[in-house]
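Given next, in structure tokens, is a single chain: the form predicted alone.
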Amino acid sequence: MFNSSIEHNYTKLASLEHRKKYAQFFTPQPIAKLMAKWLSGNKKLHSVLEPAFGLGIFSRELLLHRQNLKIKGFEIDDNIFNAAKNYFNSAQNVNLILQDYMCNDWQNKYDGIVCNPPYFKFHDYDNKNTIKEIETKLKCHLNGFTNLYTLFLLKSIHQLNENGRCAYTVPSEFLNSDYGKLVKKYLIKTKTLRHIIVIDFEENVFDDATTTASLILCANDNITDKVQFTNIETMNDLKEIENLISIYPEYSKQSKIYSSDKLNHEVKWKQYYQEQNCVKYKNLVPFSNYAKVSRGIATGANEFFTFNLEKAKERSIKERFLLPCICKSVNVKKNYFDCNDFEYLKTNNKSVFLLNAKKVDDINVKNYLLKGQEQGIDKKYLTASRNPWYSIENRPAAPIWVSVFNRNGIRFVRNVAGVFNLTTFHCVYPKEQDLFNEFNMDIFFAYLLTDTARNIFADNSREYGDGLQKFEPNDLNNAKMLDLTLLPPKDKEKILFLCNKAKNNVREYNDNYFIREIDKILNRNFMI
């Protein structure tokens, strides 16, 4: 019988802060069991590697059925290493090593590799040296923003013996991210990828981890070049995955099976496992034809650079050195943001100013900057690369903002007040062309508020756990939109009328009735 008490005991002793520091999110036993079964499908399985051993859940599953396996595990945290060492103390065939897997063991190969790697973004680890080593060893090119968990995966694929199998549980993020393109290119090149199973549960699979998980199953067997994509939505669907593993190298008769050479590493792979909304519409054009999206202003130290009235008064910083700026998305409640909204935030002492010290001709500003240097603000990641360190990006205020994270679909805000914004929103800069000469900005913005636009944009979103969506600027720049120039004249007039109604109605009552009416017109003209 499987023993889960080791995880329970460890989580009682180790703080959540410590576990997050080392990205210790334990794999649920039913999923660990499936991953172990995939490895066991290799009839010659003898040597097994766990690159991020943790408490050895995969090894415990494997040893229930194959007690003669030779297992090696790497771990970097003393606490969890000692807990695992105590548990496996009597297991002579389990060798635990307190070292960083990414810097060791390149020369060895294994019949099976199984892992739930640490989820560290590029700034959370020594990405420059680690990526350089991976590129040298694997003769590939990688993005500097690559997440550590994908580097674990690439190294493990390289270390597979002939007929060896690899099972990883990782965030789905890389399937649809910019940095993931080069990772996917390597997966296609090696022809080892067999199954991608996207775990789309309503609740997070991993406690305390805000991410959607995937199972990546690979085999170095040259039996097939096919890759199957599968979505599972409940724990009961794991039986389907068990069947997929059991029948390999055959595949189920479901769709979503592609030859590896048919996979395009340049596109978001969600189109291979998730129905796309854009196929429901005709006459789509690139969104970038009409607008450019860029991130908001990044300060590198928001607490230092942002001000409310109280802080400005305490520091004696005059308003001529402060730019009006939205610092938190929670402060913007409606789809239209005007001067009255800004004044309300200002008088209620919200942080709505950004330090603008281009010309340091004021003693109070000088003193504040000196204090920042004493605190090491000038040595932070972003500030250290700027000259001078306290300068901010020179850009116009964006007429439209768009949310970065959302749970209820993408959200656009018309910035009537003309204030700036931090990275809490992305900036939308419409291009001056015939679309706006004919329709004006109102109709363009009204379109952005419709469910039609939201659904089409959703095809390019990045999905995290618990229904959380994220859009990076290029996700939107590469998205599609309806070609509104093809609307019949009568429908154009009707939409312009509804635009004006919606502009006032949404601002005052936040009622979407007029937007729904515009949606009906769009569906009538563009839905297939």
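Residue numbers here begin at 1 and follow the sequence given. Not measured: the values here are computed from a predicted model.
Another form exists, predicted in complex with a small molecule; not displayed. Remarks below refer to it.
Contact annotation: I80 falls within 4.5 Å of the small molecule in the predicted complex, judged by heavy atom distances. The small molecule in the predicted complex is approached by E75, whose closest heavy atom lies within 4.5 angstroms of it. By the criterion of a heavy atom within 4.5 Å, D100 is counted among the residues contacting the small molecule in the predicted complex. For A23, a non-hydrogen atom is located within 4.5 Å of the small molecule in the predicted complex, even though that partner is not displayed. Remark: of stretches 487 to 495, 23 to 31, 61 to 69, 472 to 480, the one touching the small molecule in the predicted complex is 23 to 31 (heavy atom within 4.5 Å). With the partner removed from view, the residue among C499, L45, A36, A52 that has a non-hydrogen atom within 4.5 Å of the small molecule in the predicted complex turns out to be A52. Checking P171, G180, P118, G164 against the small molecule in the predicted complex, a heavy atom within 4.5 Å turns up for just one residue: P118.
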